Structures are given as C-alpha cells and as structure tokens.
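The chain below stands alone and is given as structure tokens, in the form predicted on its own.
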Amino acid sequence: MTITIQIPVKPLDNPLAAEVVGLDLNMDLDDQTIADLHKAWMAYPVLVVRGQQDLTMERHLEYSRRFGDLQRHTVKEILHPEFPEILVLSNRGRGGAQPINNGGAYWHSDITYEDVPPMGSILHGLITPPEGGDTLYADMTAAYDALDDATKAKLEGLKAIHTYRTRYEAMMNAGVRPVKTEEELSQWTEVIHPIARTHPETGKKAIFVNEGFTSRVEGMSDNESRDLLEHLFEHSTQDQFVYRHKWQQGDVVMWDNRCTMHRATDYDLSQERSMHRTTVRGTRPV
C-alpha cells in the first residue's frame, strides 16, 4: 500500500500491520507528524513503534489525546489510581491496580459492549516476558472482503447484541476477576451494533462481531445465531488475516478497534508482563 507521509513506515509480515521507524513518543510531535501518523494508521490498522522504554505515563496520555478524547475502562480495579485513563494490564498489579494475568486471552475488539465503542487503543509494553505473551491481531476488513457474496448479502442489515456481563460473570466465577454485586453487574447492559460495520474514515466494510462480547444475532433463533457467529469467528481468525506481534520491551502498539480483533497468548506467569493502555473514543457504529 502506498501512502505519502514524511515519517518512515515499514510494512510488516501481514498487510494489516506496519512499523513506524525512528519516532520518540516522549518528544513534542508537531501537527504534521500527527497527521502523518493518522494517515499511516488508516492505511495500516496496527502500527508498531519500537524503542519507547522511557515513555512516561504523562507522555503516553498526551500522545494518545492527539488522536481524540480518551475513555476509561468500566472495570475500575485495573485502572491506574493516579492516571485513571490508563488501563493497567499487569500480572504484578503495577501502580496499585488489581493484578491481571492475561486480560484478553480471547478474541475481542475493545469495549464493543458500549453504545459508542472506541476508535482505537494504544498499548505500551513496559515489561514483557522473554517468550510468549504475544498479541494476535485479526484484519476484519480483509475477512469481510473474503466472504462469499451470499454471506455478504445475508449480513446486510443484520445486527448483533454485545454485552460484557456474560464474559465478566464467567471470569468472576472462575476466580480471575473480583466478585461484583448484582447492582455492579447491572452497569453492563446489552447494546446493538451492525454485524458488517462501515469504517467512518476509510468507508470500507468490516466484520464487527467478536467472541468476547457478542452474545447473539438480533432476530435469529438461538441455533441460527450461534451457527452464524461461530462461522464468522472461525472465518475471521484464519492465518491469512492474522498478524502476530512478538513484544519487545518498550514497544508501543496502536490498533484501530473499528476494523480489528485481538487476543493475547499464554506465557510463563512466573515472568512479569506489564503494560499500559489508553483508549481513544470513537463514534457509533453504522
């Protein structure tokens, strides 16, 4: 893919992803650089910036806000107490946040269980294990394009129900999330989004369901809904649609939540894996 920008961008081993070369996110970046980064992000939904070991939380937040307003995660126990717009993904509970071994070890797009899901996420790898703990990213635009015409026609106008409650209750019952009261669980209501979403900036269609938070298809029987969702999940996570990011300490990875899914892989829990994530607010899916 050819884009005209002033910063070096190196495509990686899947068309979904590229590395931005020679950038220091602790520096004051001018408007042109941010505009170029945004253009690169729209061309490559997963952007990698390596070598950011010295990135401070303040600078992480400042950089993230250059792309839009930030939104906080709904699980308050894993927010940084001093910087609540930072989600702490750490099996050591850095900064006083609740420890979490592997928060997203299932395919999902971030916070699709809200009426207005995020535009994107920006994750900083503070400490990464020597092996494992990779993140897989799925290209939901390429997955949509590869569907047969009959399936694309079937998806036209279909909507799906998203909720976090089912996922959280399962993790709570397994002892990997703090116990919440019925009142606390009730914050996670059901929302409805189109199954084939049109990207508000590129105009491309992408599959917008995920096994983490999509519970059923609106207007379908349980069996029909399950069969369609399972087909879309399996289709979207084929190898040709997936980029595997092998973390190096100091990596910053930013992904477009509107056209990707991701999941973390297993690692040796005796090793520390600590990351900070900011989340950029988006628009209502159409």
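Worth saying up front: this structure is predicted, and the values here are computed from it rather than measured. Heads up: residue numbers just count along the shown sequence, starting at 1.
As for the form predicted together with a small molecule, it is not shown, yet the points below apply to it.
Engineer: Considering only heavy atoms, tell me if A264 and the small molecule come within 4.5 Å of each other in the model of the complex.
Structural biologist: Residue-level check for A264: yes, a contact with the small molecule.
Engineer: D139 near the small molecule in the model of the complex, any heavy atom under 4.5 Å?
Structural biologist: Residue-level check for D139: no, no contact with the small molecule.
Engineer: Taking the small molecule as it sits in the model of the complex, is L89 in contact with it (heavy atom to heavy atom, 4.5 Å or less)?
Structural biologist: So L89 counts as contacting the small molecule.
Engineer: Residue-level question: is T135 within 4.5 Å of the small molecule in the model of the complex, judged on heavy atoms?
Structural biologist: Contact check for T135: yes, within 4.5 Å of the small molecule in the model of the complex.
Engineer: For the small molecule, considered in the model of the complex: do all three of G103, H108 and R277 come within 4.5 Å of it, counting heavy atoms only?
Structural biologist: Every residue of the candidate spot has a heavy atom within 4.5 Å of the small molecule in the model of the complex.
Engineer: Of the options L126, I195, L123, I78, which one has a non-hydrogen atom that comes within 4.5 Å of the small molecule in the model of the complex?
Structural biologist: Looking at L126, I195, L123, I78 one by one, just L123 meets the 4.5 Å heavy-atom criterion.
Engineer: Among 127-135, 181-189, 198-206, 146-154, which stretch sits within 4.5 Å of the small molecule in the model of the complex, heavy atoms only?
Structural biologist: Correct option: 127-135.
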